[in-house]
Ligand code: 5GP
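The chain that follows stands alone, in the form predicted on its own, written as C-alpha cells.
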C-alpha cells in the first residue's frame, strides 16, 4: 500500500512531532495516540502529545508516565506551529480540536491525518484513512506490520489492543472480523492481558456513575409506533450531583440499544456551553447521515453531534422526528 510507504518516509525524514486526538477522547483515541508516541520514541524522534481534553481516569493506565499534556494557550501554540509534523489521530476535521484548531491553521509544516471516520476534511498534507477499519488502532497495526518501521513491543501492543477492543465494543460490533481477532491474538502474544485491559477500562466505576446510570435508565423514553426510538437525557445538574464527568456516560446509550424494539438510540447530554448527542443504530440505519445534518459525523451505526450554542431541548423533538422518519424510509425500501 503506497500510503504506508509515504507515511513511513514522512516519519523517517522528520525529527519533531506533535500528536493529538479529538476532544473528549475515547479508548481508540488515547490508545492510538500513545501507540504512535511509543513508535516515534523507539525511533529516537522528538515527540509531544498535546490534547485539548484531559485523559479520562479509566484510560490513564495507557499513559503511566504522564506524557500527555493538556493544551495551554500560553505554552503550546508555538510548539504546535513549529513542529516538523503535526499528526491528527482518530479524527479528520480541525473542529474536533476546539481552540487548538487556531494553531493548527497557522501551521506551514506537514499535517498528517490517521483515522477511520468518513469524510475527512481537505486540510491535511497526508491522509492515512480507512473507513472500513474497525478502529484507528487497527490501521496503525497494519501500518506497522506492513512497513516493519519498528518492532511492536508491549507498550505499543497494549495501546493498540485497548484502541481496538474499545472501538469494537469488546469485539462485538459489526466490524469485528476474523482479521481483527487475529490482530488481537498477536497483541496478546506480546504480553497484553485482556483481563487487565478490560478491568482497567470498564471496572473502575465510581458509586456516583452507577447511581446516575440507575437514574438514567429509569427515565428512558420510547417513541414511534412500536418504541423504535429510545432516548435518555443527562443534565449538567445530574453530572454535578453524582460527581462524575461526561466521559463516564459514554456507554449509557448502549443500554437503550439493548431494548428489543429500539432501532435508534439517542443520548442527550448537557456540556459546557451547549449539548452533545450520541446516536446509535441497528442494521442498515445510517445515523451518521442524521448526525451530518447537525455538523456531526462518525460511523454508520455510531455517531455524534456537538452543538456548542444549543441546549438539548432545542433539537430533542426534531432529532426524534428525523430518527422515526429514517426508520420508516428504511422499512419502505
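Residue numbers count along the first chain shown, from 1. Worth saying up front: this structure is predicted, and the values here are computed from it rather than measured.
Form predicted together with guanosine-5'-monophosphate: not shown, discussed below.
Among the residues 41, 48, 306, 282, the one placing a heavy atom within 4.5 Å of guanosine-5'-monophosphate in the predicted bound form is 306. Of the residues 302, 62, 68, 290, just one reaches guanosine-5'-monophosphate in the predicted bound form with a heavy atom at 4.5 Å or closer; this is 302.
Contact between residue 93 and guanosine-5'-monophosphate in the predicted bound form is found at the 4.5 Å heavy atom cutoff. Proximity of residue 56 to guanosine-5'-monophosphate in the predicted bound form: non-hydrogen atoms within 4.5 Å are absent; the residue sits far from the partner.
The closest heavy atom approach of residue 175 to guanosine-5'-monophosphate in the predicted bound form falls outside 4.5 Å.
With a 4.5 Å cutoff on heavy atoms, residue 274 does not count as touching guanosine-5'-monophosphate in the predicted bound form; it lies far away.
Residue heavy atoms within 4.5 Å of guanosine-5'-monophosphate in the predicted bound form occur in exactly one stretch of 138 to 146, 181 to 189, 228 to 236, 93 to 101, and that stretch is 93 to 101.
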